[in-house]
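Here's a solo chain for you in structure tokens, the form predicted on its own.
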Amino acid sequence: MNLQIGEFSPEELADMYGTPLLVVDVSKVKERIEEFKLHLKEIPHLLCYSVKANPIPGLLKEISDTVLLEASSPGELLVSLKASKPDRIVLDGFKDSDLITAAMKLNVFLLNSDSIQELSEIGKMKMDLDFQVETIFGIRVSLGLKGESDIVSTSTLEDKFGVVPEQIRDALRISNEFGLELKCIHTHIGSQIERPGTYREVVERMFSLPHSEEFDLFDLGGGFGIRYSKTVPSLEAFLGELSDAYLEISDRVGFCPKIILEPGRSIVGESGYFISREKTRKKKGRVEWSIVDLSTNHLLERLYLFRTYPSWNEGNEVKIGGPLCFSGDELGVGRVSNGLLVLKNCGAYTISKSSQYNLYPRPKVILVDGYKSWEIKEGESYLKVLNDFGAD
């Protein structure tokens, strides 16, 4: 059976928009959001979309009425404001004084501080403001849990994020001193987690943190794994472990903080497709190569990507490479059908981590919803790339 993206074939989309092309099936994104809500219905929760996964404004506008937006940089805050209201935005990450002031003036819903020093600066700045700040505040805490990889593990006691549990007492002292509404404990253990039981451990450790009963919100971040090179457990399995642990522990300890989740990859990842056209085919000894117009410039997280992405079960497998002058520009082994290669599960951390290495332009991005398709980010021209590098 031929692959369909919405009601379109890859050939139709390639002919309509050109290649390389990133396609996001917005109906699948919305279905995924509803799947999250379904499996979290037994516990009090708020669902955010992590903007870093795919920050295209046209996509954010499609989903911002059903989820909050989580930003972790000045740029992500700006793009979130184009799609949503400030009171539906969570701000994480490292923040300078300008960003903190802007967030408080806007009255974003939640500002999670990354350190005791930052929280103290927030308190001092708030004291100097001549308007009411309605933002609530949180403190990021490392739980001493390691993610699937050192590259994307963000809650060990050695990495750069957050504070250690013993510093929660200091955070509460500072919040009392400056009149901050410190209501949230925030954590995020990493990305592409593939073991559902990890989220039971997260919930257990959050409840066991010092002074945890003094907080109304537990922000658990995201990290739920999706299918790349191997099958991972279902979203139901991940959220089932999380919900079961929450219900068991909250019943035992007698308090029920609201859970915040900030998934990005898990919401948009499996809804994205890269469509690429074969530019040439060559033989090198016994090996047959297909050189396509998609490169690893747009697949920087390819360490997770399954190298074989057949869109049809036709033809012989060949080695696939991009056009870059870079020996690592290999997309693995796959099948090119009718001159096209389609890579699945490319909705997250592709366009947001793409580069212009070798002065190649970034690709066009479109949304598909059933029989409708529309461009949400135009592809770059070579002139645009040259201008970006300072050419006259």
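Predicted model only: the values in this text are computed from it and were never measured. Heads up: residue numbers just count along the shown sequence, starting at 1.
Another form exists, predicted together with a small molecule; not displayed. Remarks below refer to it.
A residue is said to contact a partner when one of its heavy atoms sits within 4.5 Å of a partner heavy atom; Gly223 meets this definition for the small molecule in the predicted complex.
By the criterion of a heavy atom within 4.5 Å, Lys95 is excluded from the residues contacting the small molecule in the predicted complex. Although the partner is absent from this view, Gln192 contacts the small molecule in the predicted complex, with a non-hydrogen atom inside 4.5 angstroms. The small molecule in the predicted complex is approached by Pro263, whose closest heavy atom lies within 4.5 angstroms of it. Partner contacts here mean any heavy atom within 4.5 Å of the small molecule in the predicted complex, and among 59-67, 363-371, 321-329, 44-52 they occur only in 44-52.
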